[in-house]
Structure formats: structure tokens, C-alpha cells
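In C-alpha cells, one chain follows: the form predicted on its own.
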Amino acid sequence: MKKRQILKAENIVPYFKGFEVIGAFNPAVAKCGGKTVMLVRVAERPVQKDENYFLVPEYDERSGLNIIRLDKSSGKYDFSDCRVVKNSHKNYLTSLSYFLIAESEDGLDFRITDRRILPEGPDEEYGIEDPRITEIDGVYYITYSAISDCGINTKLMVTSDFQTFERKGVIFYADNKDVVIFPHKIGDKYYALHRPSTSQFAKPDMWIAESPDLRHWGGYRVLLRSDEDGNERVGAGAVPVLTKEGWLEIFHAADENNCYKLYAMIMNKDDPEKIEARGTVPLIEVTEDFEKNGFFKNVVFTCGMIAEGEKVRIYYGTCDTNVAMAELSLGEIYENVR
């Protein structure tokens, strides 16, 4: 396996005035027009200039970008998590995310374009996160998390050229994330992996669902429980790829210390609810300095891969900060799951 960094947050110019880019990570990828297209999640936050107040962003479809000032001395807020400020009534994300489009001729060296997909509508007021791209008959279906005080909803947008995008609305209501759609029907149904995110009883497990039309989903059932390997949560990562062994899925898991790893599993090609093989040791884990250190340490998190022949490239975010890529063979993956 070969790992390399391919995109750094420090090379992204902030879109919002008075903001700084803290991360460019968790990319979705697809082949389009002979190029590798990447949707990169970019997180920006207000530059903190006043030691007495903490500034958090909020996007309003009527007034645009709003900056909320939280009094650090009030005792009402918990600032211990770098990602979210909490209080008894409302939580705030410390940054606002949107998608930036990058392109590459070889899948390694990416050119950052000026095309962005910004939050839109009240259910995206805290930003949009972690896209996945599924191509079906020349149309690219993009699932993504929409964050607001209504929770985490999964929404869908479509494009044929990555120039214009049509939003289709919510397909998995709050709280649901890590939604990846299989790239064609199995039998007479479409399938998707997803993860309900909050519960008073269950842990965050990976579920599977089915649909006749990509818009209306049902048949929900648990596919993989988070505690099978001692993890605190699991979730789908890249869009599944059909191989000779079945559907290959690269998914993430996190332990009680919030250390993320990537695992591989193979699902039955005719019935993806059946897991044929699953790695019990990580396929990709934190080993490099760029995977250990960043905005949120010890994170490898994938939203996309491209498999061509025997070669597989897994694109992943590191530490909620940068983008890396791991290149390996199908043979290496099969060995991992046996």
C-alpha cells in the first residue's frame, strides 16, 4: 500500500471574508469526462480576534452569513470540543462547511477550481458535509449531510457535468448520515447504506435500506453493529464497488478514544444484506504524521474510492484537515478480509 497527501487546507483561499480555512477533507470522487472529479468538504471559521468572545458561523438563506458571539465568561457554554460548542439549549458548530470542486487528469495531482456548492435553505444553516458520489447511467447522485438545529438530515443532489447541480431534498431524515447509494439496481431495487446517529439505547450502527426510485426509502435493517470489533461506532465510507467477489465496501470505525480506522468488507452481489467477508484488522489505520496530527487528531475517514482493474485508490480525509490517498490492489484487500 502506498499513502500520500494530495491536497492541503493551507492551499485553499477562504471564501468568506474574515474567515480562515481550517480543513479541506473527506472528499467524494468520481470519473467524469476523462477526469477524476473531487468534491472536497471545506470547513471555514471566523478568525477569533476577541479573547472575551467565541465567534461561530451560521448561514441564513435570507440574510446570508451570520456571526454569533458567545460570551466565554458566561458559564453557559462548553468549549471543550474543538468541533462544537454546547449549552443546555442549543449547540453550535465552530466552523461552516461547503463543497469545493477539484479536478485531476491522473487522479493524483488535483487542480482546485473556483466552483463551490454552498449551503442553501434552513436545514443547511450549519453547513453541508461529507458528500458521496454515485454514478448511475451517466447521472451523478450526490448524498450529503445537511446540518441545522433540526438535526442531521441526508439530502440528495444530482448533476451530469459537475457544472450545475439540482437539489432533490431530504431522503433520510434526522438524525441520519453516512449514506452511500449502490451504483445500480440489485434485482428491482436500489440499495443504500446509512447510519442513524443518535439513540438513547443503541450505538451508532451501519444500516441498509432499499428504494424503488432513489427518493423514497424503506426496508430498514441493521447490517453491521459497531461493537462487533470493540468499536464505539461504524459507518459507511466509499460508494460500494462491484468486484468478482461481491460488493466491496470501505467503511470507517472509531473507538472510545475517537481514533478512526478504515476496514473492508464484501457483500453478496445479489443480496447486499449478506456480508460474505469482513476484515477484522484495519485496512488503513493511523500510521503517518499527517494522519496523527491536525484539527482533530488520529482520523482517517473516506468518502470515495476508484477501482480500475486490479488497482484501487481510496481517497480519505486526515484529522479533519487534509486529503490523502492510499493506493493498493484488490488482492491486498481480499487478503485483508480473509
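Residue numbers run from 1 along the displayed sequence. Just so it is clear, the model here is predicted, and its values are computed rather than measured.
One more form of this protein exists, namely the form predicted in complex with another copy of the chain; it is left out here, but the text below deals with it.
J.: Of 143-151, 103-111, 70-78, 263-271, which is the one stretch near another copy of the chain in the model of the complex, taking non-hydrogen atoms within 4.5 angstroms as near?
T.: One stretch meets the cut-off, namely 143-151.
J.: Does Leu248 reach another copy of the chain in the model of the complex if we count a contact as any heavy atom within 4.5 Å?
T.: Looking in the model of the complex, residue contacts with another copy of the chain do not include Leu248, since no heavy atom lies within 4.5 Å.
J.: Is Thr159 part of the interface with another copy of the chain in the model of the complex - any heavy atom within 4.5 Å?
T.: Thr159 lies outside the contact set for another copy of the chain.
J.: Decide whether Val170 counts as a contact residue for another copy of the chain in the model of the complex under a heavy atom distance cut-off of 4.5 Å.
T.: Flag for Val170 set to yes.
J.: At the 4.5 Å heavy atom threshold, is Gly230 in contact with another copy of the chain in the model of the complex?
T.: Judged by the heavy-atom cut-off of 4.5 Å, Gly230 is well away from another copy of the chain in the model of the complex.
J.: Would all three of Gly64, Arg115 and Pro119 be in contact with another copy of the chain in the model of the complex, where contact means some heavy atom lies within 4.5 Å?
T.: No, none of the three is in contact.
J.: Determine the residues of 118-143 with a heavy atom within 4.5 Å of another copy of the chain in the model of the complex and present them in sequence order; the list may be empty.
T.: Only Tyr126 sits within 4.5 Å of the partner.
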